[in-house]
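Same chain, two forms, each on its own as structure tokens: structure 1, then structure 2.
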Structure 1
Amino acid sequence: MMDGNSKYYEGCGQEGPIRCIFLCEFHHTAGPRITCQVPENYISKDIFDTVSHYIIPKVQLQRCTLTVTLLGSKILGFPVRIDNKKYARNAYYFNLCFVCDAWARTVHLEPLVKKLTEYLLSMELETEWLSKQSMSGDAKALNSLMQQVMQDINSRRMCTLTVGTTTTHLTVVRVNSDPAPVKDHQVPVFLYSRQSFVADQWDLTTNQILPYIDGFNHVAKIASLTDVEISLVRACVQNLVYYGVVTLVPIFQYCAVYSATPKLRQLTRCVGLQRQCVEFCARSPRQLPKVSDLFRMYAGMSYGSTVRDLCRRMRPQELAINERKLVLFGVLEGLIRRVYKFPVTLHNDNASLRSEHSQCIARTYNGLVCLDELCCQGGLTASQLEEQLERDSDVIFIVK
């Protein structure tokens, strides 16, 4: 959540909400003017007049994405001109604009502005939908459409518009680099409510695995539960990561070790974070845990102490705390981090590798693959694999 613009600056790369949507046009007698905007008077007439020649530009800049930044706001538009003798001066100029904070990254909104403008353009060509509202002075239909777009895009990052028999779908497409390949032991968890997603937006395989993404099932288990080829599950999850629908967290195990981060101190200061933590980690909505107990459990996570050790010591059931959700919330909010074990084979020229198992170790354990991944590859539990490795004098662990 943003707690003020002091931490944000132009070029910081952060996305922000759409603050306003307005439609402006070139009137044959009044010149450039705003026909309709939501919320009303967000962009004042004085500010608009200052930049109107950039927002309703010359012919050379028509049908180009334009961005104008001034006085704390960034205006993004796609100006269009329709040549037809039925209009005054034989042409109709209009520009639908999104307004964001000056520091906000808006490149992901550019295709949205263009598609929405093309939608309005097609309706104007068919029924004069825009110009009729402008001439009559009654833009209720346009105002309603803008309100829907701003509300849906800000809350759900997608919007479906229907005017008469014409329908269009708008979806915010994140322009990101490709995420790292998804591994079988990683656990996808939703960043938004699953109810906010429309099934039509995703392919059949993605819709098949979505019900099994609960923050605890790892990729290999989801593939098993859905009877879907694991490579397809990995590809679907990677696609969801790309679009910011899910993120990946470590698999939950009672033998796992976590360590508190400096961000944990925010749990003592931020009331909003405290409320979220209490509600998320509760065993039952009717009995909420205390913030002090949640903090003590997080603070008790350190090197050498597993989740099982912590539960035996602090008894979360008696404190109304769901330890699985406690760990998940802590990882998502950066309050704790997972401590991984990486086995490494010590190559000793004087020692012979006596068993077939030892030969496997020599080939496999290079310090780059953690125990979680090895467990998924071998179909073993963490305790079984760790017990085998600890019996081998040629294997050591890197903990980090």
Structure 2
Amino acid sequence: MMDGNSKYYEGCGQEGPIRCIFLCEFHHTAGPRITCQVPENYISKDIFDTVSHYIIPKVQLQRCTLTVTLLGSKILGFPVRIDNKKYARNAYYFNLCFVCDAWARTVHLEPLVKKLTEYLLSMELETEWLSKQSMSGDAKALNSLMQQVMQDINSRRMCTLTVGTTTTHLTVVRVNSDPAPVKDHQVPVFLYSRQSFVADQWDLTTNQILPYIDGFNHVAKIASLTDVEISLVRACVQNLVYYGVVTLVPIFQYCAVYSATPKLRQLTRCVGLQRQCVEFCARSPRQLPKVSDLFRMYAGMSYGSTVRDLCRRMRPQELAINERKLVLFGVLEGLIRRVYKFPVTLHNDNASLRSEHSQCIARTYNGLVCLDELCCQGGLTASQLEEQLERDSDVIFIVK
């Protein structure tokens, strides 16, 4: 047990290994009991007795994923009951449980427990495999099956089980909240090496757009380059975001404004970050820029000064810096953040009057849509759009 380790505390949000797998049944005379456990005696008889009514629960909790955190460990189960006259007491109750440490996150294991239970359930329904195993006394096949699940899931996060003629596959899938909808002006960037990306695992559309994800093309551009419908591109990118393969960054423009974040000072002390930054932002691998120049560039990014201004002032090409990559690196590492410009329509009485008359001319800007997005929608350049908006006296800009 890793209780002593201060890195693992309850709520640390980290995933932990499966410590134990056991099968629990309701015995017609002895009540709930553990039929088979890997490793042996991880859950002692005493502990089991105190928690047994969460493992073989009342009728209404059948087929619910149950997780109970007690006495320093977490027990996940999916209790099942089979009604059939052939069993003693006319029903067969069982529950296959995973045990993890109390600090570990276990949401990602829940579908696994459920699937494995359903696999056992179908085998039981077809061949009475499970009840025969438990009758047999030592339950060898079941034991080795559980052993395999525990080993494979802990080491490879996936597992293929074959019993007789049936096969099932178990994979740990990360459970994340749904990513925000992808917008046309956003730019997908790979979070890890393209080489380690296994293309066969992904669908055809994703494979089609993959070569165009280079950290500079935005979604709308990718769509037009690949001749794929834009909503499909959005969906693919969102899917990739969910799996943590790509992340979204704002589109690079010379008129864009960035601001340094407190994380920028990392660049002055973390050697690893410095090296990555130098390698990444170099114009050519033969001539590496200086860290101090890179830092100076980042430090120059503030509200009110665009990338264009910065480039004019610092002349990155002479410093062997690729300013696009510089910005990309900064955004990815959180050294800088994009400062967006939002047009907002003021609520004047005039405006509301006029909008009644000519709704399509004076579009209202509600403060949720930034210039980038508007440019992308309207197919305008930023300067064109800005000019257009500045003529409208009701529209003001808020920069944040």
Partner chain sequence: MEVNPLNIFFVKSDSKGDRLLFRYPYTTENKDESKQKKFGRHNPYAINSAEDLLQNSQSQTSNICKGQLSGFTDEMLSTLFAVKAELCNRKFELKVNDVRFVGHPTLLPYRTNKDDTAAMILINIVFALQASASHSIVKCYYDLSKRLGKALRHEEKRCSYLTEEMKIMLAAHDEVSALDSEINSGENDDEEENSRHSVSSTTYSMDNRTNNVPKSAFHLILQRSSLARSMKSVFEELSSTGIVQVRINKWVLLSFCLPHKAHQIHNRGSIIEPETIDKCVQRLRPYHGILLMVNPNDLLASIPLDGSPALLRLIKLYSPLKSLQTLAIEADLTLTQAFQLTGHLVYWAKATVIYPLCEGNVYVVAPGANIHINSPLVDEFTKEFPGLCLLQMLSEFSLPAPLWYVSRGAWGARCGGRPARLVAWLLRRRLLLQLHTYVQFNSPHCPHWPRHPHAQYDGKEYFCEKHDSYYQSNSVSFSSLNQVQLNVPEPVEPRESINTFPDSDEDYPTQNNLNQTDFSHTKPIVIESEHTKYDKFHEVDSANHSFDDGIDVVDGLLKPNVNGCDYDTTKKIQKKVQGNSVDSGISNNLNGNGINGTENGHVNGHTDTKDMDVKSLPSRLSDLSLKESDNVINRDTSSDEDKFESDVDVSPRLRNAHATTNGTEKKNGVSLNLKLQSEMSFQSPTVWSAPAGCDAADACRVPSDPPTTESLLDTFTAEERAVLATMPASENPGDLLLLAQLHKKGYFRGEQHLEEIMFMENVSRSQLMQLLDKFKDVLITFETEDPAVAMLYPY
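In this text, the rigid core denotes the largest set of C-alpha atoms whose superposition between the two forms falls within 1.5 Å. Since the model is a prediction, treat every value here as computed from it, not as a measurement. Here, a residue number simply tells you its place in the sequence of structure 1, counted from 1.
Between the two isolated copies of the chain, the form predicted on its own corresponds to structure 1.
In this overlay on the rigid core, K74 has a C-alpha that sits 2 Å or more away from its partner position between structure 1 and structure 2. A displacement of less than 2 angstroms separates the C-alpha positions of L332 between structure 1 and structure 2, with the rigid core held in common. Remark: with the core as the superposition reference, the CA shift of Q238 between structure 1 and structure 2 stays below 2 Å. Its Cα shifted by 5.2 Å between structure 1 and structure 2, V107 is reported here after superposition on the rigid core. Here the rigid core is superposed, and Y42 then shows its C-alpha moved by 18.6 angstrom between structure 1 and structure 2.
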